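Shown next as structure tokens: one chain only, the form predicted on its own.
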């Protein structure tokens, strides 16, 4: 029932929406350039399945109902403008389906309104107006249907919800026309205000999914130091995609619900970091306040870079890369690295290892082990020892265990020995990008001198950096003719190829603690469990928080060298371990081994679970 003014109203609403969207577009285009390619197939699959959103059942179902409850009726209304007639039964079935879908959408809106209620009993700013408008559109549509049923009767089964409204509605053509006009105006108002309300995530969120990162989750974005960028001082120092992240955020809180720093009472909130960036984007170009004035150093240095916030965000938002870029400015732009971390960074600069032991002691662990050094002869495996494997008292034993496994499997391997330097992970995660690049380039030049097929490393942090970050260096020194494997992946290959046989039982109930940089960063979960399943006598259980939802040990992101106030993250994890009742905790990371042993040691337990690296367990089972 269009009037002569309706095309003008529709055009005006669309123009306002386009103008508002253009303003929002310009706000995130203020950021630095970043190469991104879109993914239409991924976006369509995301919208159809709601896979990431459905990880939380109730919220996911409510969003799914709301999404389809709005989209499908709009599609039917559009198609109805074309002249075609459906058979009566098919038209009735379609009417029934839309009725039920509309009712489901109302349930979805009410669910989110209740869920978003703040401490004062009201939803956050920007949420209420579009939610009320959507409710009005749906309710006015049902009311109009109820009035129409009183004027022109139809089978009640075709419109059960409309029939409920008809019981309280007059049979008035004038009232029906008024309802239709109000319904249309509400729809146009919703369209016009889309970029200015909470519902802008409809477009920003879709764009963020379209431009989502396709690379490994554990790889940090390179810093354009050659262009004078020393990290994020203001929002204009972030890339346009990082600003789009902030625009797409719906403050659902899933990042906080899984952030170990937030859950242990630290000042860091990934959601607050993103909202701070969004708020500062609203200021005029060139007058952005310093990010450091809104995000404190205590918040920045609380992050363990565990990627839980990244893994659980339903819109592929990455709070971590913003935190790291702000850390980079603190360290490179202001020279304000945390006091506790400075000795470690100095050790890396002078000696090439985090302990400051120097290269002369890097092979002390291999004394009397008959470990071959890499030379001109090609080998299958370069065993990357790492700082922990070379210097940590307990993890030296794990390195020796790995050597025994390689010898038992008759693997051609060697080590770099005194020439190996730290991979640079602690420096990069703490924001010291220049030092990371120096270490990485020295190691890459070393790689180019020798011939090997695989790099195998015990440390997930080394694994992640060597596999995902070295190849992205701008000088492209890495030859790329070898693959990088974590020790668990390689040992599983040896077991499956029957090159080693696990025959001696390790009798214990055990659970796997998934290292963040092995699991969430690189998706390596199954090798740990398959190896544990191959150990005779080992009965495997799962922690409540495991796999993608595993809980961080608290040692990543440079936190191994920083003081931790309040409740310690490793203490929280240790309590979960103690409550699980397992006798053995198996992990595959030197940081996790240290942090979990310390956490369990701080609890007053009558019988404390043992913490062991999976490689040590395999070596024991080999005999």
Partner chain sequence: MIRVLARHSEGVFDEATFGLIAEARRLLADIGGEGKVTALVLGSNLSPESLSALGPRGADEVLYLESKAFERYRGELFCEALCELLSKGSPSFFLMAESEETSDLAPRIAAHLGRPLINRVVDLKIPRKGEVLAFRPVLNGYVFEEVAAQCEGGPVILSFLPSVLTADEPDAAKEATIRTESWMATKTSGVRLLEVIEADPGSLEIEEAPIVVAGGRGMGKAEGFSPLFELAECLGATVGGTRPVIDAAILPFERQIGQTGKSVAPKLIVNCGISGANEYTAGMEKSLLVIAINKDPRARMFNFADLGIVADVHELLPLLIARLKEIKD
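Worth saying up front: this structure is predicted, and the values here are computed from it rather than measured. Residue numbers count along the first chain shown, from 1.
FYI, the form predicted in complex with its partner chain isn't displayed, but the following is about it.
- In the predicted bound form, none of the heavy atoms of residue 253 sits within 4.5 Å of a heavy atom of its partner chain.
- The shortest heavy atom separation between residue 355 and its partner chain in the predicted bound form is within 4.5 Å.
- By the criterion of a heavy atom within 4.5 Å, residue 173 is excluded from the residues contacting its partner chain in the predicted bound form.
- In the predicted bound form, none of the heavy atoms of residue 606 sits within 4.5 Å of a heavy atom of its partner chain.
- Contact with its partner chain, judged by heavy atoms within 4.5 Å in the predicted bound form, is confined among 344 to 352, 518 to 526, 284 to 292, 141 to 149 to 344 to 352.
- Just one of 392, 212, 429, 271 comes within 4.5 Å of its partner chain in the predicted bound form, counting any heavy atom, and that one is 392.
- Only one of the listed residues (51, 58, 26, 563) places a non-hydrogen atom within 4.5 angstroms of its partner chain in the predicted bound form, and that residue is 563.
- Every residue in the set 570, 594 and 598 has a non-hydrogen atom no more than 4.5 Å from its partner chain in the predicted bound form.
- Of the residues in 92 to 109, none comes within 4.5 Å of its partner chain in the predicted bound form through any heavy atom.
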